[in-house]
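Single chain ahead, written as structure tokens, the form predicted on its own.
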């Protein structure tokens, strides 16, 4: 019988993947941009919260809002100064820009914060709820609730607001959208900043649950691309379902087979799904 704690941990971890994957999927869906440095924004989000909580004594959960704002500005700079120059060009150019950004962000983080691992201190550290033999940390519950709240707000933005409709139109037919009066350059900026906001929030939640260092961005980025492919390119629903499945599969494998098997089994799930559905779980539909 599967331990309920393992499943709950998988859902909590998967929800963080969901935030990161949803942001990257938005950027890819609207801008058709491949950004392998997206995980570095998660890393920076964790460090921004660390600086705020240790320097100013702000509650770690309130620091999420600061992290989201700061990483949004970082995203604005990255889009304007780096990706804007290669957008629409060969995808190889985007990949090399991404790799350059990874090196820049990692080394800047080392210079500012050092290489030692850090952990965000939660006011609920060691506290949780007992359900028989199941112990559920408050931090996992709060992380899941924060992700749900952010996703609800995101879906409202995309489906019920003018800017959301403009994003959807741009993702489908950018040239036609421009002819209809949509400023697609502004939509690109907004979309990239929105993806960065989600990465910043994911970074703080990640830092509350796991130790982090300047080099943590690479593996979450790889997993995020796997989740996007698993769920279907451009599908927010796919990013949500794919992230949760990935987190659960990874945690189940780590708990039952050993930690070294977590990533292997999660990526095996990706391969199995793609054999059955090459376009991903929701690849044939848009949101």
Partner chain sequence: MVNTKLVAAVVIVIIAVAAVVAVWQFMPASDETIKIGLVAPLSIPVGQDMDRAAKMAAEEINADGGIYVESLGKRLKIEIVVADTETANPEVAPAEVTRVVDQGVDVLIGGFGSSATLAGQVYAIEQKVPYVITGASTHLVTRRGFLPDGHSLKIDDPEGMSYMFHYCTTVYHYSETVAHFFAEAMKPLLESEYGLTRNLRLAVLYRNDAYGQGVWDATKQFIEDDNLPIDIVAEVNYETTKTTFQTELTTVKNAEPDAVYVVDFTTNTAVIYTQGQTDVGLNSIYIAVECCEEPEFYTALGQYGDGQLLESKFASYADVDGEFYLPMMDTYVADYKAKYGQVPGMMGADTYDAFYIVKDAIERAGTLEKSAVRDAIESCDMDQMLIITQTGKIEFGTDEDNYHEIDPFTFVEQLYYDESIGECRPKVIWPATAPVVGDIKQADLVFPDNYEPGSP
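Positions refer to the first chain, counted from 1. Since the model is a prediction, treat every value here as computed from it, not as a measurement.
This next part talks about the form predicted in complex with the partner chain, which is not shown.
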Only one of these stretches, 152-160, 182-190, 211-219, 67-75, has heavy atoms within 4.5 Å of the partner chain in the model of the complex; which one is it? 211-219
For the three residues 251, 255 and 259, verify that every one has a non-hydrogen atom within 4.5 Å of the partner chain in the model of the complex; reply yes or no. yes
Please determine whether residue 173 contacts the partner chain in the model of the complex, using a 4.5 Å cut-off between heavy atoms. no
The partner chain contact in the model of the complex: residue 131, any heavy atom under 4.5 Å: no
Applying a 4.5 angstroms cut-off on non-hydrogen atoms, the residues of 137-164 near the partner chain in the model of the complex are 137
